[in-house]
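Take a look at this single chain, the form predicted on its own, given in structure tokens.
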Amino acid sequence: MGLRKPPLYDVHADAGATFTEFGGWDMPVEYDSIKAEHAAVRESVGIFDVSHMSEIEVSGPDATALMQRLTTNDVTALEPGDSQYSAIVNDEGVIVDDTVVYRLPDRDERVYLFVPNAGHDEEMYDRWTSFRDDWDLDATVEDVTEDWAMFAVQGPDALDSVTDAAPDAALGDLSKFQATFADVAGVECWVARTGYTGEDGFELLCPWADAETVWAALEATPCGLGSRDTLRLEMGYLLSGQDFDPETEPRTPYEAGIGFVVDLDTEFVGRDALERRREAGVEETFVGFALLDRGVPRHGYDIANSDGEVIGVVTSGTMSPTLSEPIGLGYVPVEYADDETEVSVLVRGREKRAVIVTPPFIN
């Protein structure tokens, strides 16, 4: 089976983008350079095509109950136009995926849209429908991944960019994690003040067929997934498949540093396991680190203590374009997690001195 393509694949190719496989999709990784695109987002505004992200819509009389039982945060706290970051865990409390849950305007009943990671739409659709049927809940679950294109406009000038394209929408009134439907260049879009870069920004969902109209209306530097990765890494944000994975990197929200999305006052799959884990405490935890020696940390490299004993593993690493310093993320025992703790990273078999840093790496 071939790779899936975003609706603007040809537009990106014509703009000189290079492509990479990600989550089963053929996506632009860079246009000019990762460094230039990274700087555009930190200093002005960039736009990412993130149409590879999954979208699942849940509606019906029992939509809230279904969402509540399958995500760790408190869905009942959401009003129309609100969203929340959350986790999806298995019976053992291990993260299957992280997601943003939006409550859309009501259509007779409550309607939710949640955004799993790329390539997870079929898995999440099956998970939701299976549990719905097992629990005999009255809810409609639809995989709408290829109904919606999704763009992220990020950076200090993001508000100006989206306001110019949607002058009648008062998008500046949206607080972080709020969303609304808005007319963008004559196209109705779901516009949320969310993002994955650490900068102010908006994520827009528009009909697949109208993607080019919306993309063209947004004045911003086109950016690929390469700079999206370096931007999120500077903030210490998790990447599915690297910083957690139920098979290769099984971690609970408490280990992964997102315990704040777990509401134990609600009932959900994996709740009891997470309550036990919280009471017992974790043995390993997610940390950032900065290399003091030359080298670039990469996924899978070992982390060692001052005696040379391997104590952990790098899950993400890069040369920070903002700091011009090598930085990374990974898991270490809690006794090594304090800031300024000296460790080393084995870069191609050679020890490179490093210190623990609590993300974000930049202000």
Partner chain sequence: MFEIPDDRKYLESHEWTTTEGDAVKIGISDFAQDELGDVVFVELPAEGDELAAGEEFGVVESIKAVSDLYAPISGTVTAVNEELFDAPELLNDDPYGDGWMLAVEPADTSEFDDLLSPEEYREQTE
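Note that this is a predicted model, so its numbers are computed, not measured. Positions refer to the first chain, counted from 1.
We do not show the form predicted in complex with its partner chain, though everything after this point is about it.
The closest heavy atom approach of residue 64 to its partner chain in the predicted bound form falls outside 4.5 Å. Taking non-hydrogen atoms only, residue 316 never approaches its partner chain to within 4.5 angstroms in the predicted bound form. Though the partner is left out of this view, residue 305 does not reach within 4.5 Å of its partner chain in the predicted bound form, counting heavy atoms only. Proximity of residue 312 to its partner chain in the predicted bound form: non-hydrogen atoms within 4.5 Å are absent; the residue sits far from the partner. The stretch from 33-41, 51-59, 65-73, 327-335 that comes within 4.5 Å of its partner chain in the predicted bound form, counting heavy atoms only, is 33-41. In summary, among the residues 230, 242, 84, 145, the only one with a non-hydrogen atom within 4.5 Å of its partner chain in the predicted bound form is 230. Interface residues of 114-133, taken as those with a heavy atom within 4.5 Å of its partner chain in the predicted bound form (partner not displayed), are absent.
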